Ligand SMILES: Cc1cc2nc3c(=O)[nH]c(=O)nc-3n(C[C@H](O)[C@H](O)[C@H](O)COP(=O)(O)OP(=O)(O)OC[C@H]3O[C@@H](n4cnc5c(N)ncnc54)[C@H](O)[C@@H]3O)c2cc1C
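What follows is one chain in structure tokens, specifically the form predicted alone.
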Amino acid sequence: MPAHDVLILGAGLAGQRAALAAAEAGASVAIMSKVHPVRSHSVAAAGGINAAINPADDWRSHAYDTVKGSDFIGDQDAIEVMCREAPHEVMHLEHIGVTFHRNETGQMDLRAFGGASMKRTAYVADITGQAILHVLYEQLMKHHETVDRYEEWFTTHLLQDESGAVSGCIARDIRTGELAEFTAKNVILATGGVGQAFKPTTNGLICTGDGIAQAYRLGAPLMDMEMVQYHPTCLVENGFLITEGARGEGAHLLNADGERFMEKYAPNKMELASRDVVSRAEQTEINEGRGVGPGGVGIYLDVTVVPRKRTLEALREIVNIGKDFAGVDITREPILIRPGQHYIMGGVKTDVDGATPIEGLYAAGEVACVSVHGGNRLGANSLLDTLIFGRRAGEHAAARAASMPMPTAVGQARLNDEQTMIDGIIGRPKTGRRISEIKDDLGTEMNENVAVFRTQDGLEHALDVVRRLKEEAKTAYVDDKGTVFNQDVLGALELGYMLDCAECTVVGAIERKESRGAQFRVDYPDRNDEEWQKHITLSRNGDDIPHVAYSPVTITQWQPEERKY
């Protein structure tokens, strides 16, 4: 029965960075993922990573931009940690082999990104996440004696000891269907977000809120779940992401009249305002009849204004995406885009070391809410978040492990209970709905009523739908009755995770009666600092519905002010 000092669930950037940090601190480590690590969703991060590397820049400027981008609901102590440690982390990445783009003088090149007061985004063409992910995986190979990798294992349950501390997990080997217990002194959740609760989304099929829901079911509070980011540039056809790097290189947004409409909404930053501002501007143009394409449901992204040589050099991946999935050569004609679900700012509430209120349970990356993004994440801050807080979680968990004995294994009886639960799913009669139908209804409803613009009636409708789908999910049947690569049974478990997350998102959005960051309430169009300068937390507390509470926003040196771009 495997036993480790630190067990990491999820092998994207946060998970791999945590594994490396814990291993270098002398801990025995296991890293588990339901896909091969280099297929983790971090591979989709395109544009780059922010850090105040330029000698003319300062981490305080980066921090202020991040606080402003968060609409003054990000916790400033955590933002300071992230921005202060950013330059060292990027230099570390380069030293271990990430080939960041260099300019004609041989220095690391930096590109502009939305909401930033100067160019501070280091990048590898438009495949930055992929480049970093592969280098970290190579580094993990160096620690093969102390880091065990469990690839294509699916976590079904987190375990707790008699005191309530987390003591490991139960997981299913996807290749065989075998269940096993993994004992651990500490568990770090690095399982990513829950984009698949929306349709369409830029997120991969694996982003189903597993870690968020598992922590929530254990009693851990979730925070800022109502803050869901819609990225301004996603393909109309299928929601695929077109990197913000395109606008960073100078691409324009045009409406049906050929106008650069951002001049009306953000005259100083234009297309490089923060994502919430640009997405709302696009949706307003579409709603008011100035959209383009069939049905007027899109906006033109014009990359032809960028020199073709530069596009082919720095944006080569979206050149391919445009050709393959929209039939458009973006170097010669505009491409049709619209806002699409991309990221959740909320997640499992943690401190700056990744620790949750539950002893022995950590979280880092999109699964977590250390609150560096608040109401809206700036582009290129997500890779930074994963690496800074992944490393800190790994270091802290390793230190904690050094001072405690290995927990006692729960034993075969608990494994039998878990097998009974899975057998129950597989044995359901064909009287209920298909899992794919319920997932489709969930995504459609969330994209209809929990998107860029929200209303009380729309959110209440969404809550009714989510709760009805939760009931229907209990009897949803699976076709595959086997054990080898049975994705059907995993889909049933993932559906439950997504529904728990979606319910918390909608409850939080109903509770917050103001407009701030990604939450824009048509019926409460103004920001209300007096009543809502606070976080909304959601906890299960033994019931099957979220309980609402509040926690204060940490302010260190930047008082709330009107937000203009």
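The structure presented is a predicted model; accordingly, all values stated were derived computationally and were not measured. Residue numbers run from 1 along the displayed sequence.
Although not depicted, the form predicted together with the named molecule is the subject of the following passage.
- Query: When the named molecule is placed as it is in the predicted complex, which of 467-475, 449-457, 148-156, 481-489 ends up with heavy atoms within 4.5 Å of it?
  - Reply: Checking each option against the 4.5 Å cut-off leaves 148-156.
Position in contact with the named molecule when the complex is considered in the predicted complex, options I510, A63, A52, A44, heavy atoms within 4.5 Å = Checking each option against the named molecule in the predicted complex, the one that comes within 4.5 Å is A44.
Going by heavy atom distances of 4.5 angstroms or less, which of V67, M32, A502, I536 would be at the interface with the named molecule in the predicted complex? If I apply the 4.5 Å criterion carefully, the residue I get is M32.
* All three of Y216, G375 and V506 touching the named molecule in the predicted complex at 4.5 Å, heavy atom to heavy atom? -> Result no, not one residue of the spot touches the named molecule.
I'd like to know whether T202 contacts the named molecule in the predicted complex, with contact meaning heavy atoms within 4.5 angstroms. Residue-level check for T202: yes, a contact with the named molecule.
message = in the predicted complex, does D210 come within 4.5 Å of the named molecule, counting heavy atoms only?
response = Taking the distances in the predicted complex, the answer for D210 is yes, it comes within 4.5 Å of the named molecule.
> Taking heavy atoms only, is F182 within 4.5 angstroms of the named molecule in the predicted complex?
Replying inline: Contact with the named molecule, no.
- Indicate whether A14 is a 4.5 Å heavy atom neighbour of the named molecule in the predicted complex. Yes, A14 lies within 4.5 Å of the named molecule in the predicted complex.
query = Taking the named molecule in the predicted complex, which residues along 369-383 bring a heavy atom to within 4.5 Å of it?
reply = Stretch hits, in order: R377, A380, N381, S382, L383.
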